[in-house]
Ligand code: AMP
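There is one chain below, alone, in structure tokens, taken in the form predicted on its own.
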């Protein structure tokens, strides 16, 4: 069966790399892909949010399954587009329908869902222009710092944590008055939870689920978790503090009621769910849901899946996921992200990447790269993830860092302290 993967980042390269290993998979196509995905399949110059072009690619390349990497096409309703199209409706899409993708697409919907189903999360309240006069009184019921979130998708920039009530009021006002366009028509303000974060992932056919390896990622650009937020500077899997007892709490208190809640509300969810969690004194709380796999967590999680990932996706499509096998590698995988100097602010593109053939016993998952003639050049802020296995976290990190030092491009930067807090 030919497979089309939508997206262009490290997550999509990891998916393509893994799916290409399946004996059941035919040709792999990635739209639009990057220089790395082109080594695992065929790149197609298509915007994943241009559904008509996606349909044409499905027809042209006899695609039998579509795997959606990023959130925007899911929130935009690509799965619904397939279901409503006579030609496409029998082609399975791995990724939820629009009503289910609201778990990521609307923070207000997600918080209300969590509350309805008694799933542990921070105290919150949603505001829009009509009740914005109540913002200050609600903020005064909370201890600083204050967590301010634009309701919709804001390219990873819609969440801020502020120490001063004056700043929280100003930020809320700016969002409600158009800072993020339609994504900020509503603002969620919530209690700050103090603890250590991690990401937990499942794949589900809407009835049963398989628990994938957990990971911890590092969002801040600077060492010691300082500086601006990024799309992710690295990740570690497994997470040392997330032992059996903690993960059992996650399953019983969070995952099981999420799946049951979706079923109770008549929402047919097929695909991945990312649970952004925080460990508060040994108890898990939900910070956010995502309707897809994370990045860079995928570059640490997917290499730990020993079984056939296509077989699991086929189980989602056929509704018999419960019968499929999931085998996890016990070893650690760590990933270190190589980024363009200046990221997440202004950075230059088009620099040649050298040393790609000098790495050993690791995988380079490309993110912001493209081919330029016979060269591979930078084309984004997060350029490449260096993923390595190890029997311990430090052994895996040693592999990631020694291989990161073998690759170079102008103004290259990476954090040298991934896993420092574990």
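Residue numbers count along the first chain shown, from 1. Remember, it's a predicted structure, so these values are computed and weren't measured experimentally.
Although not depicted, the form predicted together with this ligand is the subject of the following passage.
Between 142-150, 204-212, 254-262, 72-80, the stretch whose residues reach within 4.5 angstroms of this ligand in the model of the complex through a non-hydrogen atom is 142-150. Taking a 4.5 Å heavy atom cutoff to this ligand in the model of the complex, the contact residue among 250, 326, 122, 154 is 122. Interface residue among 287, 135, 162, 309 relative to this ligand in the model of the complex, by the heavy atom within 4.5 Å criterion: 287.
Remark: residue 241 does not count among the residues lining this ligand in the model of the complex, judged by a heavy atom distance of 4.5 Å or less.
Within 4.5 Å of any heavy atom of this ligand in the model of the complex lies no heavy atom of residue 331.
In the model of the complex, at least one heavy atom of residue 191 sits within 4.5 Å of a heavy atom of this ligand. Residue contact check for residue 85: none of its heavy atoms lie within 4.5 Å of this ligand in the model of the complex.
Using a 4.5 Å heavy atom cutoff, 107, 197 and 219 all lie near this ligand in the model of the complex. Residues of 237-276 include none with a non-hydrogen atom no more than 4.5 angstroms from this ligand in the model of the complex.
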